[in-house]
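Quick heads-up: it's one chain on its own, the form predicted alone, in structure tokens.
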Amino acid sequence: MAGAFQFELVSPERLLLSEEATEVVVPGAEGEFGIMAGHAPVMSTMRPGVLRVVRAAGGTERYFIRGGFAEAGPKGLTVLAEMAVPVEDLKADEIASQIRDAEEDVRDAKDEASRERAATVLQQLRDAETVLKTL
């Protein structure tokens, strides 16, 4: 069995996961990369994609990641995600409906700040839709 290391997945809203893992596959900006115990220190930006966590206790979890940073070091791996959602929570019909609503929000925005917030949400939803199609 591969050695375990501490893994934490953090989003702006909350700590999503903090536990021992044997492997984490990260959707890095330059491509996917895997982290295992004893990995050399590395820091990377992330692109939208699926983060896969192989838990030391058994089982695998997958999260849709909007972007952010990953840092591996002597204490383990920390992923600071712009947005993170368990893959099983992504539903194609719900995302399609939310995209239509977000497109309307962009069109109806009363000022530039509102338009930018709505556009950010719209892009996140489109990224989730793209990832869901690849699963």
Partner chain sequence: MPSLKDLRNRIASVKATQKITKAMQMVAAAKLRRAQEAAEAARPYAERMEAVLANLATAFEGREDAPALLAGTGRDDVHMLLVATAERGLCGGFNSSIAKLARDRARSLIAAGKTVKIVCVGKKGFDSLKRDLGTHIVKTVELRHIKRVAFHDADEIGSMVRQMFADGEFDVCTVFYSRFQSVISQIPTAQQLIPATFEGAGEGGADRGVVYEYEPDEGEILAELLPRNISVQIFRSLLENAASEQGARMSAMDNATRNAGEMIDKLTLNYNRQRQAQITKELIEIISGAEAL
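Residue numbers count along the first chain shown, from 1. In this text, rigid core is short for the largest set of C-alphas that superpose within 1.5 Å between two forms. Computed from a predicted structure; not experimentally measured.
We do not show the form predicted in complex with the partner chain, though everything after this point is about it.
- Although the partner is absent here, residue 10 lies within 4.5 Å of the partner chain in the predicted complex, judged by heavy atoms.
- Within 4.5 Å of some heavy atom of the partner chain in the predicted complex lies at least one heavy atom of residue 78.
- Not displayed here, the partner chain is approached by residue 45 to within 4.5 Å at the level of heavy atoms in the predicted complex.
- In the predicted complex, the partner chain sits within 4.5 Å of a heavy atom belonging to residue 72.
- No residue of the trio 49, 59 and 89 has any heavy atom within 4.5 Å of the partner chain in the predicted complex.
- Just one of 109, 37, 85, 29 comes within 4.5 Å of the partner chain in the predicted complex, counting any heavy atom, and that one is 29.
- After superposing the rigid core, the C-alpha of residue 78 moves by less than 2 Å between this form and the one not shown.
- In the core-superposed comparison between this form and the one not shown, residue 37 has its Cα shifted by less than 2 Å.
- Panel note: the distance between the CA atoms of residue 98 and residue 46 is smaller in the predicted complex than in this form, the difference being 3 Å or more.
- Relative to this form, residue 12 and residue 111 separate from one another in the predicted complex, with their C-alpha atoms ending up at least 3 Å farther apart.
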